Every structure is written in C-alpha cells, then in structure tokens.
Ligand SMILES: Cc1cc2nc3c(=O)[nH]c(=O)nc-3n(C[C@H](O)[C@H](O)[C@H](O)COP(=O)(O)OP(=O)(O)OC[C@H]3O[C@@H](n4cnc5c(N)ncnc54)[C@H](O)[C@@H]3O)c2cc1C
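Next up: a single chain in structure tokens, the form predicted on its own.
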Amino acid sequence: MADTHPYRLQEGARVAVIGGGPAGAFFAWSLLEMAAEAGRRLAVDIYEPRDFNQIGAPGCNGCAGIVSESLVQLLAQEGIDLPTSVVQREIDSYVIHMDAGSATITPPRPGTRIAAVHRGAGPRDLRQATWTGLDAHVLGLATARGARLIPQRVTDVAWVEGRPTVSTRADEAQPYELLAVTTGVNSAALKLFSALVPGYQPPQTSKTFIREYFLGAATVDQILGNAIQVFLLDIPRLDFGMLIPKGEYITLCLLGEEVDNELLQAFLAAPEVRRCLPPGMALEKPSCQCAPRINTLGATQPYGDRVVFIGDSASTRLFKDGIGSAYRTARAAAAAALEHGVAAEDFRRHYLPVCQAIELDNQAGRLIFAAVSQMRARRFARNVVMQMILDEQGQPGPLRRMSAVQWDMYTGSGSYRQILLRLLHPALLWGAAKGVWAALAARRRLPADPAPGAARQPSLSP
C-alpha cells in the first residue's frame, strides 16, 4: 500500500537546496543516493549563483581549506576519493611554534591523509587554472547524481498552500516538498528564513581572517614543504594562526576574537612568523584576502515543517573541520527526510541530535581553548608544554600523548571530548607535573641578581 502521509517525500517529490557549497552538495548527493537505494525518484534543485570555477572572490567560499583525515576516511567509505586536481598538498606534519621553541608533530596514527585544498578556482592573481576547487568538485558529484543546478540568486521564500516556495529574478515562485538551507553564515540570504521558520535563530559568529600569498612551488617546498605551521603566540585576542602550503601558494589563517588589522599586524611582526617566511616578502601585497565570519555557537531550532538548516547555518565544529561538519549534518538531514519524513517533529527526533552532539562537543572545545589561552599567557606554561612535545620526539605513537593532543586539536581529526580525556590522562598529567618540577628546579638555580653587564638567562616566570 502506498504511503500517503503528507510529510513524506513521495515518488517524484521536489526538493530545493539553497546553497551549492559542500553542505548543499553533500546533502543533494546523499539524498539522491539514498533515494536510489530505496527505489524512489526525487527531483532536487540546487540554487547557487556563484560559479566555483571563477578565480578570486566570485568563485570562493572563504575558508582555510583543510580536509581532515576523518572526513577523508568517511568520503573513501562512500567511494569518494579527492583527486590530485583538487588536493593542493597532502599534509604530512604540523609544526607548533611558540616563543619557547618549535616542534614538529607527525601523525600519531598510520595511514593518515590530510588534504589542503582551495575552495574556489584559486586566488585572484591566478594566471592559469591547473586544478579544481573543492566546492566545484563536490557540486559536480551532486549534479552527476542527478541534481539540477540553477545558477540564480534566491530573492524570496514563502509559504503557498502549506508548501515552501522559492523565487528568483528569473523565475516565479516554485513550490517544493522540502527546503534545505545551506547558505552558511556569510550570506545575506539567511535573513529570508526568519519568517519562514519563526523558531529559527541564526548561529552566533565571530570574524576570522584569511590571506593567500603566491610564492611559487619551489619556494613553498623550501620554506614549508608539506607541513602546516601553527603559531601559539602571546598576542591578545589571537587563539592561533596558521600557514598552510597549497601548491604555489601559502594560506595565512587567523582565528581569534574579532580579528582586525591591529591583530593581523601583531601576528605578521612576530619573529616566530617571520622566520617561516622568505626574507623581504611583501606581506602587504597578498594574492587574495577575505575576512569571513564563522559559526561559534549553533543555531536555535535548525528545522521546521518542510525546512531544514544544514552545515554552518545550523551547527559546526568550533574553529575546526567545518567541511566535515557540513558532510555529517548533510548526511543526517538526508537520512531523516527520506527515512522518517519532513515534518518539524521528524527533524527534531532524527536530525537535531546530530547538531546537539556537535554543540556538546564544542563545550569541551571551549574548555580546551580556555586552557590554551591561559598557557599562551604564561611563559612558564609555554616552556613546559613545548618541552613535553620535544621529549616525545622519536617515541612510539602511544607514548606521544601531548603530541597526539596537539595533532587532533589542529587537524580536526579527533573530537574535543576525546582531546579533553587525553589531556586528563594520568600519564599526561604526570608528565606535566614532572615538567613543572624540572622547570621550578631550574628556576631556583638561576642567580637572584646578576652582576652588572652579565648575561641574563631566560626567565621561567609567568
């Protein structure tokens, strides 16, 4: 007997996806894949006005462009391999920089693959496109599965006879059985949905900063290789900064509290940063730059009858693995819609728990970043952490506990809850205690009042 429930996606049902970035493309791809497995035919339209094959801002979703090892593995399980035309660098290590020193951290687990990618076709000074951006690649997967791309900007959404409708300048209102909103937090289109779903409150956000510099492949190989540089510096409002190698370019990414030009200049002036860049590099002449906002606290009620918010529009991991969160929320929303229904209650029961799990994990992340902030502000603590990482060099993977914490923190490969549990492991706490004791002992051996003109040893005081 046919299922005639009004909130089920029946044979031939029409679905609109607003936003063709990874969240929208993954959702469309997943929904069509699941429908095919269930022997059901759906019509999926993706509204995306940008052409991701254009260079510069017109084709780019501002993002650092790191695909975590956990997402690479999930995609591989679905039969999706990122081709060499998309992956600009396969990252093999991270280098942590503090004023207390620098240390290289290699993968704690074998078979790790982390990809550095461009989201669009490339920075605005690109002379010849030799690769495909991640967003264009994933959108291509969705259209190959059967989604229809509508290169129009949505101008209005409304309810007509109990169905959501979508309007553009080129087309009158089109009715749909389900509306998936995947615009992210940097799109003005998000304002269209406050009336459509009264219970929805957009995510809280903070501003970050991204720059691309052209150096040439040989120079990038020489100064960075396949290693991402992470900077934990005692600069007010800065959580951390990164330099990411990508083919002929490097990407500078700053995360912190409302990143502005003052913070940027303080970061660029830091000696730890200058040592990682070519001498005489024109720091104020980037190839491309943007200051996108990022989701720092998830949306309230990211769903309604026949409407679901996905990716940054709903919930995403704090500071990390936004592309991975887009994939996970997209898969969960597609499964809820196809297997259970598109009523608000269906999404509350079968989609909301995934968003809540992300937000719960982010609470652990906030505790970790608060601890890191305290560490960065105290030279004594910075010395202890750096020495622990250095002491672990050459040790087997299971014994590199502080290194594993740092790896999962900055790659996005492990959950914040897992990282917090590792930080509280008795062996790591014991190692930290020994480091503190050794530092205190060294401090006691320092001369109390050096003679005039005598060299002063490094201070271990806060």
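Treat the numbers as computed from the prediction; the structure is a model and nothing was measured. Each residue number is its position in the shown sequence, starting from 1.
Note that the form predicted in complex with this ligand isn't included here; everything after this is about it.
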Is this ligand in the predicted complex near all of P108, P398 and Q406, within 4.5 Å of a heavy atom of each? no
This ligand isn't shown here, but in the predicted complex which of P164, P203, G322, G304 has a heavy atom within 4.5 Å of it? G322
In the predicted complex, the residue from A35, M402, V44, A64 with a non-hydrogen atom within 4.5 Å of this ligand is A64
Based on heavy atom distances of 4.5 Å or less, which listed stretch (356-364, 180-188, 280-288, 386-394) is in contact with this ligand in the predicted complex? 180-188
Given that the partner is absent here, does R119 sit within 4.5 Å of this ligand in the predicted complex, heavy atoms only? yes
Please check if Q152 has a heavy atom lying within 4.5 Å of any heavy atom of this ligand in the predicted complex. yes
When the contact criterion is heavy atoms within 4.5 Å, does E69 count as touching this ligand in the predicted complex? no
Check whether Y416 has any heavy atom within 4.5 Å of a heavy atom of this ligand in the predicted complex, and answer yes or no. no
Would you mind checking 9-45 for residues with a heavy atom within 4.5 Å of this ligand in the predicted complex? I18, G19, G20, G21, P22, A23, G24
